[in-house]
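Below sits a lone chain in structure tokens, taken as the form predicted alone.
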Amino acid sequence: MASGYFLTILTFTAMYISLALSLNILTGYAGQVSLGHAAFLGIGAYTSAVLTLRYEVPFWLAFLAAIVLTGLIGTILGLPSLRVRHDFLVLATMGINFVVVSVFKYVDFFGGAMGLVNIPAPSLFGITFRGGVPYLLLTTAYALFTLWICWYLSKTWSGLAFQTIRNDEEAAASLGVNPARYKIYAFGISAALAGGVGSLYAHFLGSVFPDNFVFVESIGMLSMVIFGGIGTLRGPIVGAILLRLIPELLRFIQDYRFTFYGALLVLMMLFQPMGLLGNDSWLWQHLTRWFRSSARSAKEDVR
């Protein structure tokens, strides 16, 4: 039982690593703060659930459809970012989250408040990914794929354009970068990757409900990105691992664990505003100096 519980926690952690990395493309790379990322998770989950339940589409096709459709919807929903910035963009993405959840809750096609249940487990070459180690490997593979996308973007012209827009939109435009185009790209890519997680999420649980994708979930995802170190590859991974595992490790103080969790975030904002492992964080600079010193010492010892 304990082993199954541990594997479940690791599986969810792998999914949230993918979510944090996908949000980091939008918020960390392109500087577009979003509090509606749970909506894209939900769109991917419901897309895959509806296709497999109502139309008996194989999981792998439903999975790809969830990525593509969520990416397209994310591109469309990203249009408000062209007209609003900063606090107003945060409010707009919050509104998107509430609207999407309301559609899931009040439209009968999506099962309403009762959600969708009995979602089939994925299968490939006779192997059924019904939880346990197989599903952990599946979600880990997707997390690695998301990490590769983020790394690849950071090395391309698009990644450079994202960072230029994040630092100064007017300067980016003066250098020939089209801020509107790249903002839409960021929304589309970020949403598409979250949609893939949504598909995995739905088939792992075997059911989806509107309350799985509420605004609080979006806050949690953004907290992971900020806590670990926004705009870096390592930050969202560390943030997702810690902020998924800490609440579980503190279950023995059930009534106070989320108080501790909130206090931890407040302290982080006060003393490490760039995140635990952000480029300008004290901890990251200290670790970097320590590694460099250790490497030099090891090289001198070899000589």
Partner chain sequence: MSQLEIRSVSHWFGGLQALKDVTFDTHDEILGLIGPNGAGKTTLFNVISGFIVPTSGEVRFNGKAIHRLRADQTVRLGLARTFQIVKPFASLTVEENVLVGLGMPYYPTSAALYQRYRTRSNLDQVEQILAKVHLTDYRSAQAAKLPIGLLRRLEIARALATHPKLLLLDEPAAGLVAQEAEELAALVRDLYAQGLHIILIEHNMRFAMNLCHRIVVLAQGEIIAQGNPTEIQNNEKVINAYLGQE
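Numbering follows the first chain given and starts at 1. Here the structure is a predicted model, which means the values were calculated and not measured.
Only in words, not in the display: the form predicted together with its partner chain, which the text now covers.
Novice: Under a 4.5 Å heavy atom criterion, is N178 part of the interface with its partner chain in the model of the complex?
Specialist: Residue-level check for N178: yes, a contact with its partner chain.
Novice: So, in the model of the complex, is I73 in contact with its partner chain at a 4.5 angstroms heavy atom limit?
Specialist: Answer no; every heavy atom of I73 is more than 4.5 Å from its partner chain in the model of the complex.
Novice: Does the 4.5 Å heavy atom contact test between L124 and its partner chain in the model of the complex come out positive?
Specialist: Residue-level check for L124: no, no contact with its partner chain.
Novice: Wondering, does F109 line up within 4.5 Å of its partner chain in the model of the complex on heavy atoms?
Specialist: No, F109 sits far enough from its partner chain in the model of the complex that none of its heavy atoms falls within 4.5 Å.
Novice: For the stretch 185-202, return the residues whose heavy atoms include at least one within 4.5 Å of its partner chain in the model of the complex, in the order they occur.
Specialist: The stretch 185-202, when checked against its partner chain in the model of the complex, contributes Y185, I189 at the 4.5 Å heavy-atom cut-off.
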